[in-house]
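Only one chain comes next, encoded as structure tokens, the form predicted alone.
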């Protein structure tokens, strides 16, 4: 993780990480909270803007790179993860954050998610989950709840929603967390932990859409919040504790759900390169391998 070393003893202000562009999200959108929390997390970690990159897909939340003073890349729909991984492998000192929404990440982009989990490249992936396609006028999304009424499900959804946390756990993501855009202070702590984690870290952020889901979504989430850092029975190192979280019905747990260390991709790659360099193959030997 590249930090502002020459400012180690100074306080870095979050505004350093905000660009001159003004967000055009709807008033009350949860993504404002995510933007503010991300800037505060960057300031807490004293990240260098020139060594930080935000990659996004398409959607309301994917406007994020334009509002941050860092390197940014607005990819095509659902492709934030492979581009973010490529950027990290090309430049290991980059602090790489992939960002998108539930439609972007768990519809067209879902095929990249299991491989990001298993490869364990050192990036952070945040998904702003509002349970609807907000940018394209409120259609049913992969995480829309059962019976949800949207512009494409006028009589209520009949599809089983994807549970991002359950999916991440099933794909053995080494770091899994959930935050809420309505509690910025707590979200900052979650993002700091995620970015500091060496390896792939996934953060689902509940980011209500006031336009197509309604302000009531904020209220309902607040009423059901359960803070894992205040739960003495929760141990993020224990997979049984994580399974307990995904099976909850009456509460919504936020915080670090699962965190275990395993060698990340870059570390394994360096070991592989070292082993390969000991024995350099001759061109003729390689050609013979593929000759009939």
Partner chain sequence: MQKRVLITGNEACGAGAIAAGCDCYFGYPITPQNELTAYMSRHMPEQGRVFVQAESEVSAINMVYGASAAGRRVMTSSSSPGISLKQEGISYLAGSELPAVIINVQRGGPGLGNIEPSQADYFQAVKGGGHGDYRMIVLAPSSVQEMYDFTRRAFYLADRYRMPVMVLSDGRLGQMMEPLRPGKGSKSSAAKLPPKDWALTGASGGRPKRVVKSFFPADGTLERHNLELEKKYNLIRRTQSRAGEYFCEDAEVVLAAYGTAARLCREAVRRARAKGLPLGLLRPVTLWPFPAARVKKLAARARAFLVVEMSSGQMVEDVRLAVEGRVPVAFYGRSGGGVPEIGEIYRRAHRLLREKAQGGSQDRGTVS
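Numbering follows the first chain given and starts at 1. For clarity, every value in this text was computed on a predicted model and none was experimentally measured.
Keep in mind that the form predicted together with the partner chain is not shown, yet the notes after this line are about it.
> Considering the partner chain in the model of the complex, find the one stretch among 132-140, 115-123, 191-199, 216-224 with heavy atoms no farther than 4.5 Å from it.
Stretch with heavy atoms near the partner: 132-140.
> I'd like to know if residue 58 sits close to the partner chain in the model of the complex, meaning any non-hydrogen atom pair within 4.5 angstroms.
Contact with the partner chain, yes.
> Check residue 108 for me: does it contact the partner chain in the model of the complex (non-hydrogen atoms, 4.5 angstroms)?
Because a heavy atom of residue 108 falls inside 4.5 Å of the partner chain in the model of the complex, the answer is yes.
> Spell out, yes or no, whether the shortest heavy atom distance between residue 103 and the partner chain in the model of the complex is within 4.5 Å.
Yes, residue 103 sits close enough to the partner chain in the model of the complex that at least one of its heavy atoms falls within 4.5 Å.
> In the model of the complex, does residue 88 have a heavy atom within 4.5 Å of the partner chain?
Flag for residue 88 set to no.
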